[in-house]
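One chain is shown next in structure tokens, namely the form predicted alone.
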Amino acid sequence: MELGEEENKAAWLLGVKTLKIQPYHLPPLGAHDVKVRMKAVGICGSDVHHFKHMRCGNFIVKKPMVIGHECAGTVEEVGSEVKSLQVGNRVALEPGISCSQCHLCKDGRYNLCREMKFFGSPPTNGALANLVVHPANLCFKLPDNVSLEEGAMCEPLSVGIHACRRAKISPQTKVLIMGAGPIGLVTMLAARVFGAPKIIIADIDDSRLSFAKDLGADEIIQVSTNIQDVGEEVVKIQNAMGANVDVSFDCVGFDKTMSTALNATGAGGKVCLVGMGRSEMTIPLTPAAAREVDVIGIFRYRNTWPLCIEFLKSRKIDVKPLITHRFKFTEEQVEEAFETSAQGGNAIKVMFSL
């Protein structure tokens, strides 16, 4: 029997560490929308923040919300005006719907749109459900040799690709990455494919560092959480690079990681803040400015899915090793999956198979 819409279920975040699988009534299918049956949904750090604290940065969960935004599935129904997709197509979904009217959208910087409706970011319901409705132009067809799980990984990979574009990574750029979590690792994979000849990755966690080494980091450096250690850790990083650090990516976002990135980066280089660990920081900006170190920020991504899919199709990037844990879409497994992801350690990317 075909699963009807009335039986559509989703994982609802009801309170701190409280997820329940409950019915989810979808909006009607618009002329330019498709209905997608979810097959693979990953857990992101922001999902874990919502799960643990009912907030992530300035985004606060005020009412029950369907969670999740890293997703791929198969098209089950197409709107009357949709020409680009057919029923049965396997697609990766870009999770943010911008207004397309404001000056930022018209300028092509739609990721900064103030009216963005983003899966699983309050108050917009997310993707951890049997079925979702989404604009067809934000659903990207997957080639036969790219799996649905890899399709779901386009979302985190997009962050790394957008960061590398913003920082203008090229075969001349030597790169430092602070943080060997999922975003640090996809930034490393992206920097490599953009041509970075040498990549150093630093983290406090031994197991994450050895994972990064296996994934292709040239050098790994274990650092502490103590701000007093910045000076000697910077020397270690510079010695390991054996040349100027041209671009540093802070994929953590703490005073310590940002201070290290600013101090380690060579004159005329760039520091790109990717991680959002803190909303305010105390960092040595003046000495960095005196060396003309540019500080740039990123927020999510824009126009990245076609490139992600091309890299996955051509096997220039392999995201499969990042998927370390898999869970099914049952209440017990959903809670266990979020607990696993929240603990970090050897869990890099936790994925649901629906």
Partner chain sequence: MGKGGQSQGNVAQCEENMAAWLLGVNNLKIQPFKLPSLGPNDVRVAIKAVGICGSDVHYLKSMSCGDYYVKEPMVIGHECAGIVEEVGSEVKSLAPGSRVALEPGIACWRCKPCKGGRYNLCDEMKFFATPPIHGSLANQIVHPADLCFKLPEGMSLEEGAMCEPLSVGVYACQRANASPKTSVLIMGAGPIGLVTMLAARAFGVSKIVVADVDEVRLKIAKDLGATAVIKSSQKIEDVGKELELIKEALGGAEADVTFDCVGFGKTMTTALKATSRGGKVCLVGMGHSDMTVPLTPAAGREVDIVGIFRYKNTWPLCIDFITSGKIDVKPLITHRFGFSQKEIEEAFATSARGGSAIKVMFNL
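Numbering follows the first chain given and starts at 1. Predicted model only: the values in this text are computed from it and were never measured.
Just so it is clear, the following notes concern the form predicted together with the partner chain, a form of the same protein that is not shown.
S.K.: Three residues, Ile21, Leu26 and Val34; all within 4.5 Å of the partner chain in the predicted bound form via heavy atoms?
M.R.: No, because Ile21, Leu26 and Val34 lack any heavy atom that approaches the partner chain to within 4.5 Å in the predicted bound form.
S.K.: I'd like to know if Pro122 sits close to the partner chain in the predicted bound form, meaning any non-hydrogen atom pair within 4.5 angstroms.
M.R.: No, no contact at 4.5 Å.
S.K.: Any chance Leu112 has a heavy atom within 4.5 Å of the partner chain in the predicted bound form?
M.R.: Yes.
S.K.: Decide whether Arg302 counts as a contact residue for the partner chain in the predicted bound form under a heavy atom distance cut-off of 4.5 Å.
M.R.: Answer yes; at least one heavy atom of Arg302 falls within 4.5 Å of the partner chain in the predicted bound form.
S.K.: Does any part of Lys256 reach within 4.5 Å of the partner chain in the predicted bound form? Heavy atoms only, please.
M.R.: Outside the cut-off, so no.
S.K.: Can you work out which of Arg192, Arg166, Lys236, Arg90 has a heavy atom no more than 4.5 Å from the partner chain in the predicted bound form?
M.R.: Flagged contact: Arg166.
S.K.: Between the options Ile317, Ile298, Cys56, Ile323, which residue brings a heavy atom to within 4.5 Å of the partner chain in the predicted bound form?
M.R.: Selected option: Ile298.
S.K.: Could you tell me which stretch in 307-315, 324-332, 63-71, 290-298 has residues with non-hydrogen atoms within 4.5 Å of the partner chain in the predicted bound form?
M.R.: Selected stretch: 290-298.
S.K.: Suppose contact means any heavy atom within 4.5 Å; which members of 275-298 contact the partner chain in the predicted bound form?
M.R.: Heavy-atom contacts within 4.5 Å come from Gly275, Met276, Arg278, Ser279, Glu280, Met281, Thr282, Ile283, Pro284, Leu285, Thr286, Pro287, Ala289, Ala290, Arg291, Glu292, Asp294, Val295, Ile296, Gly297, Ile298.
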